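Only one chain is given next, in structure tokens, and it is the form predicted on its own.
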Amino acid sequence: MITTVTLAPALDKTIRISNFSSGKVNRVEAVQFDAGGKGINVSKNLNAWGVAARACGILGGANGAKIKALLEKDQIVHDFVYTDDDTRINIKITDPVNRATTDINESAAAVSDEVLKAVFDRVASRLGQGNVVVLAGRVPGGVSPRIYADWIAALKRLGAHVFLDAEGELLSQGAKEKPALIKANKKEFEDMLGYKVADEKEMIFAARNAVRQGIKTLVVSLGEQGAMFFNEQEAYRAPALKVPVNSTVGAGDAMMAAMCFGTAKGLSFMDTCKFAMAASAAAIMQTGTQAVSKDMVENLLDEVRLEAIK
């Protein structure tokens, strides 16, 4: 079983506006609502690919109820802790003409230590030896940046493999507890290291060093330049696929879901990396943060090119 944790989920409202311009009247062409938040996006993709993934975290108010309804419509297993405070709304403005996405994200409501403990207890209550737990995204204001680090340590003691996708101190602190997998973009990776890498050679050296120190798998996404993948035995670079870009929102979450998929299905590291590149490309071909279909991913697999990093 794979469990995803989203402590600051959102109701994603995606608005399509051609030639969007700030400071002027813009005409909306289409509106789409999705259950959002990095962990929830991972669960949605895994569910679409036939892998059971339990979505956990915090929901509240009418927006939380709408997220719950969207998850149940897609038959996604969930086990959220509910509060009175309304779950935030994140607005994504996609401009198909200029191929740009503008994010307007609300802050998550503060939560108590009791609520956080209740979430952790629900995550831990159904864990089996070797289960994967994905800790993903930001956390509500006032929550300690050590929370992911503390949870990684506790979940590892329970026998779980923890996958981490975070930024800033959440990532740098979490990395110290050696999760089984970290997915980061270039800036996040540099945040984790505590310094900027000068070039690709220095990035590869730093990534391999992180793996040697106990992070079993490291994925560094590089946007239009593709991604790099490292584990204890193998390392690959992959250029980005040339596909129509409708929205970059959710591409990283599709990549994380693919790493979970490869683990669940027992794929080789190479095949898992190929699936991750195809899934990420498929995600940017669609609007909103709805799940990517498995057919879309498989149709792109032949276009993925991996090069072994020596």
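Everything numeric here is computed off the predicted structure, so don't read it as measured data. Numbering starts at 1 and runs along the sequence shown. Each form is matched to the other, and the largest set of C-alpha atoms that superpose within 1.5 Å is called the rigid core.
The following text describes the form predicted together with a small molecule, which does not appear among the structures shown.
Not one of D12, K44 and E72 comes within 4.5 Å of the small molecule in the model of the complex, counting any heavy atom.
Interface residue remark: I284 is counted as part of the site for the small molecule in the model of the complex, having a heavy atom within 4.5 Å. Contact check for M277: a non-hydrogen atom falls within 4.5 Å of the small molecule in the model of the complex. Taking the partner from the other structure, the small molecule in the model of the complex has no heavy atom within 4.5 Å of any heavy atom of E114. For G36, no non-hydrogen atom is located within 4.5 Å of the small molecule in the model of the complex, even though that partner is not displayed. Contact with the small molecule in the model of the complex, defined as any heavy atom within 4.5 Å, is confined among 137 to 145, 197 to 205, 102 to 110, 180 to 188 to 180 to 188. The partner is absent here; in the model of the complex, the one residue of S221, T94, N90, T217 having a heavy atom within 4.5 Å of the small molecule is S221. The listed set M270, L241, V51, A65 contains one residue whose heavy atoms approach the small molecule in the model of the complex to within 4.5 Å, identified as L241. After superposing the rigid core, the C-alpha of H161 moves by less than 2 Å between the shown form and the other one. After superposition on the rigid core, displacement of the C-alpha of R237 between the shown form and the other one stays below 2 Å.
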